[in-house]
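A lone chain, given as structure tokens: the form predicted on its own.
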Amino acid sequence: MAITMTKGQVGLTGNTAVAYAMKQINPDVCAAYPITPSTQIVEEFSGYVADGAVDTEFITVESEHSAMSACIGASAAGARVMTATSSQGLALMWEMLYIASGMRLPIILTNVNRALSSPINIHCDHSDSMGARDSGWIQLYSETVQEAYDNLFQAVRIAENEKVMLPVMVCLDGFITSHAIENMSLLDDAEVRQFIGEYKALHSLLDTDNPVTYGAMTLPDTYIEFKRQQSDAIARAKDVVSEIGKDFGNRFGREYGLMEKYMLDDADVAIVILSSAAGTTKVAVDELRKKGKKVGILRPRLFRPFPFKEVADALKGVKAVACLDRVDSMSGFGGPLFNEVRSSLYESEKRPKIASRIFGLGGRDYKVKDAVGVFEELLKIAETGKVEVLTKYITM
């Protein structure tokens, strides 16, 4: 049975909040194949479909590859399309992720972050979405249930913006955010409809008066032009994300930018970290600030496109930085967040010392003491000017 809720403060899990946001968006099509830990999103949204609370055509498929294939077909036909997945499900979509972005289809996918096999693990890390980081999808990472809920509405506007027209992946941490109950505020259905507006596809396969082709064969004389246009579009998305985040804040009182800075303005050292683990790190910051230690956090919300100029500007006054990745790029040179941040700082005249730390793989607990330990290491680096170990795992 579908859950009935009213505007205002409620306690919801991340999955329930996302399913309810989908209900309020009322997409034309949802094609999905459930997988832990995102199963509840699909289950609850299918309840809204069964109860007639939405007009969505819900397509049951035999795999996640088929789910994204159906989403692509529906979106090319002019529908507003959404789906959800995790881990191996996202990996099974791999081929189709590139097709969705290459065709410039504004599909919205909620990815509940879960470790990729092997060995088999159903708990959180970012190996699934980070594995798809260069597939041409815009990526938003959510710290809280509230942010995951709010990000979904903004994702619709971002994807469908005529300057962008690209798919968007909204990420939240498996079990940590997806299954934890948090106090949050819901929007009114009418407010959601007004914010996202009606969707009218720029091009539709069903518009026989204006025929178009999607995904046709291209040879060396034209393929690169498609990719250049796609690259230009994802670069433009950065400003669109900022504009829509401000509009959301003006309407609903919760403004979102490209990143969140916490106690960073006067910080000597900083941790850069994504998603729910930022909350744990904030507790460590508060504890160390009471002891007079100038520590802070930079939490990127937008990872693709990567806001490299803004990141460099945010860290310009910091002496030492640690990038904490919940995934290893298997390059022997740190995680993806570390490599992006390090590259962003390259042009800075006065660069902070920087280290890579891998944490929380497969759902391993990340505790306040772990964050405190990294900060203490950074304070030593700031004092000596030397990074003793460039990249290592936090395993205790």
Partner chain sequence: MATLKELAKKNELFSGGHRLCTGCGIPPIVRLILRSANAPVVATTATGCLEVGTTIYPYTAWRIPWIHSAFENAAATISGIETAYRAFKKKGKIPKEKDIKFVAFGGDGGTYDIGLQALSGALERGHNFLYVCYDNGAYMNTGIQRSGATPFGAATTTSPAGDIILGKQEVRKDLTRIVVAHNVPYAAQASPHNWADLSKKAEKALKTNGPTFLNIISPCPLGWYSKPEESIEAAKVAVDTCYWPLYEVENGVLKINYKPKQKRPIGDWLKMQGRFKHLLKPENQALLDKLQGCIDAEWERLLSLDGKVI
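Model, not experiment: these values are computed from the prediction. Numbering follows the first chain given and starts at 1.
One more form of this protein, predicted together with its partner chain, exists but is not displayed; see below.
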Tell me which of 63 to 71, 361 to 369, 332 to 340, 346 to 354 has residues with heavy atoms within 4.5 angstroms of its partner chain in the predicted bound form? 63 to 71
From the list 134, 188, 207, 239, which entry has a heavy atom within 4.5 Å of its partner chain in the predicted bound form? 207
Identify, from the list 317, 279, 102, 78, the residue with a heavy atom within 4.5 Å of its partner chain in the predicted bound form. 78
Interface membership of residue 95, its partner chain in the predicted bound form, 4.5 Å heavy atom rule: yes
According to a 4.5 angstroms non-hydrogen atom cut-off, is residue 211 in contact with its partner chain in the predicted bound form? yes
Closest heavy atom of residue 222 to its partner chain in the predicted bound form, within 4.5 Å or not? yes
I'd like to check something about residue 198: if you look in the predicted bound form, is any of its heavy atoms closer than or equal to 4.5 Å to a heavy atom of its partner chain? yes
Those residues of 16 to 31 which, in the predicted bound form, come within 4.5 Å of its partner chain by heavy atom: 26, 27, 28, 29
